[in-house]
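Taken one at a time, structure 1 and structure 2 that follow are two forms of one protein chain, written as structure tokens.
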Structure 1
């Protein structure tokens, strides 16, 4: 009875978790034997029948041969062997002709294998690199039997340690052999020419001239020789070549090749380089404190995962926007794009068996899996628009479908933007006046801009003239000359008819005292009377403020006030060093009388 109750409670808890989850468990096969990374997963309608398939570049662990697998639903539709380990798999449209079925491009070793309708269509090989001239000379000597295998090995080891150009595959294989096998290897390969071939490390697609979803796309390749190549989608010729300081491992592109595009390349030296259409070399560089393990572009933000268990958000110019610490190491990353709701987020598969979904630094959802996830892919699969496909470290396959009623609440997890940012403003309705003004601005925009610029230039001219006039007539309370650096301000005290006027004069120089100054008052003698309108100033020591006091008597009984001008002069000069205008208050005593 108790066992039955426990079983019922466990099943009820599982049903409640299923009901509260945003995902439907469509399929889980722990023995699917799929070992791959996120770059080797792609979803596409390969036959043009509306049924989207999953393309997998399987690494073939345990000595097995790498294979290209195509899955329809949970079953494997086709399998074909690959000559080398896959580096990336993408789908793209090559041409505008009907039927518009996408082609599949798989990067493996130095080649890109292009398939149409799951049949081999074209093979593009990277151009060969020039060999090391010293290495070429050594093999020419071995061909003429002028050098023995042991000396050849010593010379090749010296070149490998010092030369900037790496050795060819033939020389590297020779250096790995035992002494007894060297002579046979030299006899077998000495007549062959040395070839130095690079390999593809990463691949993505770039729209050629339109931003539409079904537009023709170019292939962008990153190579081991620190280069980026852009291929023409029809002729598969190299349209552009760009150099990088290090080997690229992750690529993110935006824009169109014929118009303008931006390309971000995360490299093995721990830096992310930004390139644009006309740049042969990087324009900006983002220096990371750790090695990147993933790169995803969300709108205009580059989200980078590092091996320090953290996510970072950067602008395209390298400014860090935010950082989020993860509870475990990041194994893989990819983009989640829900087109129906206009949502773009980052998925991060962690070593603790979690898949975390972030929008900026806000945690939207956490998916827990039976094993650590090594690859992620989100998109249309079969006839479901929002399908999440995951492969695990043990070779398992997990397929989940996002519920149609699921809504990701921003900020539900960790702290993000304040909730007030999401509150919609009560924008008033557009009035007739607003519409008329909008039409007027649209029709006469150029003339309005010119009138605004003319007024702005006139304002700047008047401000400059007033400033020059103030400097020439010393109307400023701060001296403009470097020989007499002075500062003056005045304080008026009292209710009237007698006021106390205190002038605070300060020498602002650092070490030089000032002597021989005079203070003069200019005022309306009908309204005011001063006991002394002209007096000498004592020696001004640097840094001290000297209060100079005098009394002002108001003579008018009509409650009239005026301005008293204070001038600071140098003996023997008619132009004042500085001046101040004092707005005298009304005399309260005379007004009351």
Structure 2
């Protein structure tokens, strides 16, 4: 029965150097200054000369300087600033004409910038969203000065709370204003028409009508207004529009637009929606119960990385096939396609600086990188077919080439028992002394036991006696008499020769205040001097802790300290209710002087 757990199946463990030998290190530049996402990386033969270039939509350090970079080999070929941060970069064939050089599309803000031969060619802007008719109406009235700002504000607020169509920025901004600023604002803006603009969140390509490698492709855009748009590659008109229940983050498309296609959209609500041609709304839905961090289609399996450090495989109908747990958070994912061997696999860049390659749930390879990889891309680069391009969190660029002899074998990754099984157990050692004592106990166990029991009894007896004595002489810091339930604790502050003695006196009864208490200090007058050795306590309200402060002057210069006794008395009674012995510290101030 225990055979299943036998420990001696220690074979098949991938050696790290063996794994890395699948790759040739082509280039590593930790200072490449490229900060981007996998969606903004694209490889294409931009000039039609058979030399593949790398296109990077770079966000710049801290997302401050967006740039379009084109790399050839390890060097930057061209670099141009962008008007806004790029959300996605893809290359695609626009038309059938020769030479078949692909165009580059860059999604940024509400626009797609299309470049041909690295020259700006066309700019597509998302159509404006229809404004709220009521809102439009109100602003029209404002334009004709038929409505005063205050009424406008009230009406707009009413729309905001109920309407299906959200307000424009102009109205929202107006609602934030103070009364005094409204008039000016209305005058400044009333002539403008109301605009509601949305932005592109993600973009991908979809073959138009042929499945070939070099077929004309449409652009598929995901927008902040929870829509998917398919654009015609030549005319840039909207061919199809689909709506989603949430904002798309990642898109994955297969098929051809004119024939049949499947579209998977990972959305911000943690769900992945599947659409097909002719479906205006999602057909299937995968509820991840976590945020997706990557979406890759491998053959017919949809691989989703979740932010709970796991990789899931789903069918195109949304049925979960498998789950693999990652050792760290997934930062990015992309597809690895080795055409010569017909292999498709998923690459995942992890926060611990690993890039893992999975074929279904089998780990094929682990690449360790000096920094966490934030974007990945695999394909033909330069004249080399299988190149892996990675950029790191610190802005570094790593280029690796897959050896032509390299074969990814399943199970070459992690197999067999976990490495921890080889670690010896850290059993605490026992000393010689312990063994000796053990032997002694064996010999004289009975005597030890009896002696212990006798001592235990004596201890209990003493404790009981001391307790009784404390109760009898009111030595305890808590008085439990029914009339004056009191608690006392004392704090001494200072280095000397003057100390501050604070008594915290608390009435622990639930409702009854205590009146008529006195505090008396007993001390050696040779050693200490107190301004007042005897004083009255104010009325004690139940529950509150009253700090009573007094100063103590140490008179001796010989570094002697003594006990000061504090007695809490009731007026007219000689027996104290409470008493406390305060061990005074040595006067350090005097010793130093």
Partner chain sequence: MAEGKVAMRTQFPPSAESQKPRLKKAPEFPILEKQNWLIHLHYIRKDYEACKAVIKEQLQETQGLCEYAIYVQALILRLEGNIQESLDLFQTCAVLSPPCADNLKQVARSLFLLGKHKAATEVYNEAAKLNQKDWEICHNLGVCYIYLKQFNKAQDQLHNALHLNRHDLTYIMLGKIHLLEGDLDKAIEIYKKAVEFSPENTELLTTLGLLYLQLGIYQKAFEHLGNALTYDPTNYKAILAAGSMMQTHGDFDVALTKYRVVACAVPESPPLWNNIGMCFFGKKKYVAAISCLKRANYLAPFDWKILYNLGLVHLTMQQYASAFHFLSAAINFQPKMGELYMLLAVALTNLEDTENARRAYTEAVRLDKCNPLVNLNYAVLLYNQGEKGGARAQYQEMEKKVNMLKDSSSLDFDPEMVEVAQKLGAALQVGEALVWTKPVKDPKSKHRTTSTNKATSFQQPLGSNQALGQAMSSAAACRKPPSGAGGTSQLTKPPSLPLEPEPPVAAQPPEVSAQTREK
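Throughout, rigid core stands for the largest set of C-alpha atoms superposing within 1.5 Å between the two forms. This is a predicted model, so every value here is computed, not measured. Residue numbers count along the first chain shown, from 1.
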**Prompt:** Given that just one of these two is the form predicted in complex with its partner chain, which number is it?
**Reply:** 2
**Flag for residue 213, CA shift 2 Å or larger between the two structures after aligning core** = no
**Asked** C-alpha of residue 342: shift of 2 angstroms or more between the two structures, rigid core aligned?
**Response** no
**Prompt:** Can a Cα shift of no less than 2 Å be assigned to residue 537 between the two structures, given superposition on the rigid core?
**Reply:** yes
**Item:** Per-residue CA shift, residue 139 (Å; core superposed between the two structures)
**Value:** 5.8
**Request:** Quote the shift of the Cα of residue 462 between the two structures to one decimal place in Å, the two forms being superposed on the rigid core.
**Result:** 100.9
**Request:** Give me the C-alpha shift of residue 192 between the two structures, core superposed, in Å.
**Result:** 3.2
